[in-house]
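The chain below stands alone, shown as structure tokens; this is the form predicted alone.
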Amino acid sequence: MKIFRNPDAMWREEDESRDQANQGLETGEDVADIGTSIILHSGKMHSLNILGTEIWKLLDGKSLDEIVASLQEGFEVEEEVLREDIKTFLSEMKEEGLIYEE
């Protein structure tokens, strides 16, 4: 199953916030609450943290396994924990109509 972003969703990455989150990751800070991108769709605005943003950028026809493998290198977390976080994120995005699978 391949996962795609909804082409009707407009999004942008916030460079300053991304840099702040990356610096926090390097020093071991909790950066989960730093919004690094914004998605606009169906009159709603969604803010994504650094992990959500990195997942979002990979939603161009990759499978769950491919997404996990891509992110495993950049985030120091056990694969099973990362996989569950990604699955939760994808489920929430699917409920909002922001992604689809083929």
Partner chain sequence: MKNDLIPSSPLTVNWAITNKCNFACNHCYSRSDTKEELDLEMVFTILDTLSRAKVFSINFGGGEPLLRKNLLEIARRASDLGFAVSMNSNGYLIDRDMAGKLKEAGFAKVGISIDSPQPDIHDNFRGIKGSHARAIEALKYLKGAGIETSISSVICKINIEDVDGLVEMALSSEVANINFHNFKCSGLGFANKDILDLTPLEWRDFYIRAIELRKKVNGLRISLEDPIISQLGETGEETLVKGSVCGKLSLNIKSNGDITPCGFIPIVVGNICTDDLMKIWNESPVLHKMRNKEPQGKCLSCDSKSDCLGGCTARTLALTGDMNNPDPHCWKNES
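These figures come from a predicted structure and were not determined experimentally. Positions refer to the first chain, counted from 1.
Keep in mind that the form predicted together with the partner chain is missing from the display, and what follows is about it.
For the options E92, D19, E13, E79, the one in contact with the partner chain in the predicted complex, meaning a heavy atom within 4.5 Å, is E13. For the options L71, I38, L59, V31, the one in contact with the partner chain in the predicted complex, meaning a heavy atom within 4.5 Å, is I38. Residue contact with the partner chain in the predicted complex: S63 places no heavy atom within 4.5 Å of it. Along 43-64, a non-hydrogen atom within 4.5 Å of the partner chain in the predicted complex is carried by G43, K44, M45, H46, S47, in order along the sequence.
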